[in-house]
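So this first bit is one chain, no partners, the form predicted alone, shown in structure tokens.
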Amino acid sequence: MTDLLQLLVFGIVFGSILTLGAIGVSLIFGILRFAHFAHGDMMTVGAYFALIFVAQIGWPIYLALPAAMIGAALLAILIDQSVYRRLRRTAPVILLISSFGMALLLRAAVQLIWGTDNQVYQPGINVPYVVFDIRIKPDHLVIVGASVILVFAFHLFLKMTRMGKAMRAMSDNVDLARVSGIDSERVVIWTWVIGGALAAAAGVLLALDTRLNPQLGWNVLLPVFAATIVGGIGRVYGAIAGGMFIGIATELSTAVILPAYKPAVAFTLMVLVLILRPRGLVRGMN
């Protein structure tokens, strides 16, 4: 029982990270109608942005995190305005292929600037707390706490602000939203701001739990997309449920299979949901 509870803790931590990534993917798909394959590498870039503030300036991680989110949001806008904007009126498959190319470009840039070696934010041993024989690292509390705060802030943004309501309207019906006077281009920019910022947050928290390397975001791209699809692609609240479901399920699966097969678990669950409940676990963005 203790081993299962320990795996449950790991699952909640991993699910918290997947949730942030899946929200961004769902938001981009819900409004722009294309799967952003560069999202994993945006997570990586955000994680390395935080490394600049931690290693070069000496900021603590709680200050480096929002700075990295801002940097990633600006980068996302730059990528959209210079590349994706020119392709929005083409077939969705063209955007999808271009996002895959952007992923390769971002990964190469990370390798060129920061190298290929593993790096950490803070060297040293992260001494865990022991509660009823369950080991909880201080970083785990930071990861879950930061994820809860960011998800709640995003929820308030969607429900309480005019831009949040405009984004929900565009997700439901793009043409009707435009006819009603919503500035679609402004909504698209905000979509990239939020998607990029949350991707950076997911990358920073993932690096905090593991190690920094250029493959960081690419390695979790499948679980992130699985969480998005399980929750209902294009449904941001479903991404929260999907992220936690995939995170907990993949970690609990290591009780019976080797950890190397965790991506296969995420893929299997994604396929099962597509077969049994194609619209996902949660319906609607609102």
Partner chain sequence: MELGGVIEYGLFFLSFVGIYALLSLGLNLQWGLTGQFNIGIAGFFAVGAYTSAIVTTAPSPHHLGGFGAPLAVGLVLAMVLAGLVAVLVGLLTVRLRTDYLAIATIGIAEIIRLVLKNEEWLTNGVRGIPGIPRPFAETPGAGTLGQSDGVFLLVVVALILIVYLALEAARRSPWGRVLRAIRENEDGVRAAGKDIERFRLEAFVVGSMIMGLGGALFAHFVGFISPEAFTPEFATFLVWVMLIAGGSGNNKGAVLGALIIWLVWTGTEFLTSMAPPEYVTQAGALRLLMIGILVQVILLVRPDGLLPEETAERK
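Positions refer to the first chain, counted from 1. Given the structure is predicted, the values throughout are model-derived calculations rather than measurements.
FYI, the form predicted in complex with the partner chain isn't displayed, but the following is about it.
- Contact check for residue 270: a non-hydrogen atom falls within 4.5 Å of the partner chain in the predicted complex.
- Contact between residue 59 and the partner chain in the predicted complex is not found at the 4.5 Å heavy atom cutoff.
- Interface membership of residue 107, defined by any non-hydrogen atom within 4.5 Å of the partner chain in the predicted complex, is confirmed.
- Contact between residue 156 and the partner chain in the predicted complex is not found at the 4.5 Å heavy atom cutoff.
- Checking 174, 163, 136, 97 against the partner chain in the predicted complex, a heavy atom within 4.5 Å turns up for just one residue: 97.
- This chain lacks the partner; the member of 102, 187, 73, 150 within 4.5 angstroms of the partner chain in the predicted complex by a non-hydrogen atom is 102.
- Looking at the partner chain in the predicted complex, residues 77, 211 and 241 place no heavy atom within 4.5 Å of it.
- Checking 63-71, 249-257, 50-58, 223-231 against the partner chain in the predicted complex, the stretch whose residues place heavy atoms within 4.5 Å of it is 223-231.
- In the predicted complex, the residues of 34-69 lying within 4.5 Å of the partner chain by at least one heavy atom are, in order, 34, 35, 37.
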